[in-house]
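In the form predicted on its own, a lone chain appears below as structure tokens.
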């Protein structure tokens, strides 16, 4: 089988020549979009979500144009809709690292604007009288969709949407709730939904954020799609693609079936990022120490180097500081520390911790940790119902060594 060499871009979004293709996941997203529904695309951080979205945008289906907008730093409703409007009204003079417009989509937007001439116009919050931001945006989008030919669709991909909602909620919960309800209005607008689909993406659970705002009904019309980890054969192929790149320090024939099997066993939860950081540590160690042969001991050594690098995983801890306060944060840390040190934590133990920290709605917090990729539910020991463990054994090892000790 032909191997496509790709550069090991740790922590960076891989696109074009350095993207490791995932046909199973791209087909799943295209199939979901083909249904005409609006999609919530859920994936834990560093699992390859954004790279996959870039790939869709660079390789669109014939009847679709895809616009990518990253909103993680948004902190107000006005800022959110201004960015979204700027993306739609994109021209060659407008540049932003948070907006990505493929060639086909750029031409698509220029074409529909030229058809309508001044009918599309500019985005303003005032038009004679003060308008709410979402109403001004709905009017703009309504003008645009009138000029989209039948049979064509614009897919607006909004990355880290839940984080934007959370940012706004931290300052003004009512505004955050209004943003969720405003998006439901856009999706329920039949003229808009006939030509425009929203694909919301994120590494934190939108369901939990909406529930905390009392707005779960605002997202019950969105279809959820989860990004799955790599299959064993996909992970093997990705390793061979990375080590085949000329920039990699070791000869690719050093990665025998036995060595690759050990790498996969060490990582176990096979997402691209974890493969990349272990291969990066192997690259660094062997280059600095002039090692040309691989052995099981060197793989273990590289794994331990990964665990000692706080930067690889610190986001997981920082996320909890942003999302939870006071007793809730203490409860979350106690649950994760127990899961890290004991491998699993039973539902009964979680309930006891909830009583200790006076947490009334602890089940929704556990659901949030599950949605956000920290833990997963498993069958518990006899008499204890369900249990939970870390989704990623590598993250568990790091947590035990750096947080729970």
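Numbering follows the first chain given and starts at 1. Please read these numbers as outputs of a predicted model, since none were measured by experiment.
Here the subject shifts to the form predicted together with a small molecule, a form of this protein not shown in this document.
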Legend entry - Residue contact check: residue 272 to the small molecule in the predicted bound form, 4.5 Å heavy atom: yes
Legend entry - Contact test in the predicted bound form: residue 28 vs the small molecule, heavy atoms, 4.5 Å: no
Legend entry - 4.5 Å heavy atom contact, residue 57 and the small molecule in the predicted bound form: no
Legend entry - Contact test in the predicted bound form: residue 38 vs the small molecule, heavy atoms, 4.5 Å: no
Inset, instruction - With the small molecule left out here, work out from 47-55, 28-36, 370-378, 348-356 which stretch has heavy atoms within 4.5 Å of it in the predicted bound form. - result: 47-55
